[in-house]
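Listed next as structure tokens is one chain, alone, in the form predicted alone.
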Amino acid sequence: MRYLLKKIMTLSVTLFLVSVAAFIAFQIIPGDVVGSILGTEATPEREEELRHELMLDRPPVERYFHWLFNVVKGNLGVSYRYSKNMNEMMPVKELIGDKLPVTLSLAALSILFIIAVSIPLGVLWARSKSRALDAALSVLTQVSMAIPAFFIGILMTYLFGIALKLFSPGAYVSYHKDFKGFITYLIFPAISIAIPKIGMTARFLRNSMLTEIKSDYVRTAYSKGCSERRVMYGHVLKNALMPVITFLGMIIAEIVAGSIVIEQVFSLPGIGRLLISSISTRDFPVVEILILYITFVVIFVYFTVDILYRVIDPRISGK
């Protein structure tokens, strides 16, 4: 319980410090938000009215704590650039709530592909006695690691979209209209993200298993008559997964935080794309919440990794 409380406290303090840093950064960035929203033809009266509505006429400290208390209560503010209609700004909660399922679904598919392929591939590679297979897998994973995900996405768009017509490039299907079509469209972006990560994870697992195979406990297990399968899956793989879990945690945090380039390549209206557009249009309320979201994702993933460590290796629980 003390461990959980400590982690929750660390999460809270980190989010607070990041929110302060983000708020300060947006205060010192030059430019007038009101002028950017209303344009050059706005009257001084209208500018003053909007400045009062957005609390831009208040001291920075007061504005920060007003924003922070609202965020804690679930009120994330309104977007400066997006609106429901001519007279009503779009709430940030609704804006992000519409984009978040796209990024999370893409991340879930990508992570599923990475784990489903890289773990068996890494185990097969570590157990292989064939030099030909070892060389083939070494070249294959090296190539997959060297090619950027966005370039893989471009190749898939041309090959599977334009040439084979298995999907329509750029014809994104909203999950509101057709969930099956939505998931189908995400398959190729997810594969584009997964391919480089599969090569990295498989290679990392293979090297970790080869290190464990040389350990004394493996020789002891064989001397007691344990089968190779039991030694590999009951002992070697379990211990070899420890460093791999940390590596997978880094990958998962990166993907869930938003795959900005892939979302651009496949025209996906996700968190990453929203972040880029919000930065370019100085939509600070949206950017601040997205920064907190990314921070929370990274910390939460590493928190989960720590819990998995304790589940896999009970010895850590006593430390």
Partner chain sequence: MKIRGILKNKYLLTGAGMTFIILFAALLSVFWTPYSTTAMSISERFAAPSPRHLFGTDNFGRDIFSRVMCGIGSTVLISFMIVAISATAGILIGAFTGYFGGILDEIVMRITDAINGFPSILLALVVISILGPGRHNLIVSLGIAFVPSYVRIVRGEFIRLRDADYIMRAKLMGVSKLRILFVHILPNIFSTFWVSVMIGFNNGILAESGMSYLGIGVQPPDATLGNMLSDAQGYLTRAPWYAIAPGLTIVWIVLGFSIFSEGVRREAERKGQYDKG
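All values derive from a computational prediction rather than experimental measurement. Residue numbers count along the first chain shown, from 1.
Absent from the display: the form predicted in complex with its partner chain. The rest refers to it.
Asks: Any of the heavy atoms of S208 lying within 4.5 Å of its partner chain in the predicted bound form?
Replies: No, no contact at 4.5 Å.
Asks: Within a 4.5 Å heavy atom cut-off, is P148 in contact with its partner chain in the predicted bound form?
Replies: P148: contacts its partner chain in the predicted bound form.
Asks: Counting only non-hydrogen atoms and a 4.5 angstroms cut-off, does F284 reach its partner chain in the predicted bound form?
Replies: Yes - in the predicted bound form, heavy atoms of F284 and its partner chain come within 4.5 Å of each other.
Asks: Is T14 part of the interface with its partner chain in the predicted bound form - any heavy atom within 4.5 Å?
Replies: Yes, T14 is a contact residue.
Asks: Which single stretch, out of 115-123, 136-144, 213-221, 178-186, brings residue heavy atoms within 4.5 Å of its partner chain in the predicted bound form?
Replies: Correct option: 136-144.
Asks: I245, C226, L155, L104: which sits within 4.5 Å of its partner chain in the predicted bound form by any heavy atom?
Replies: Here the answer is residue option L155.
Asks: Report whether all of I162, A253 and Y302 sit within 4.5 Å of its partner chain in the predicted bound form, measuring from non-hydrogen atoms.
Replies: Yes, the whole trio is in contact, each within 4.5 Å by some heavy atom.
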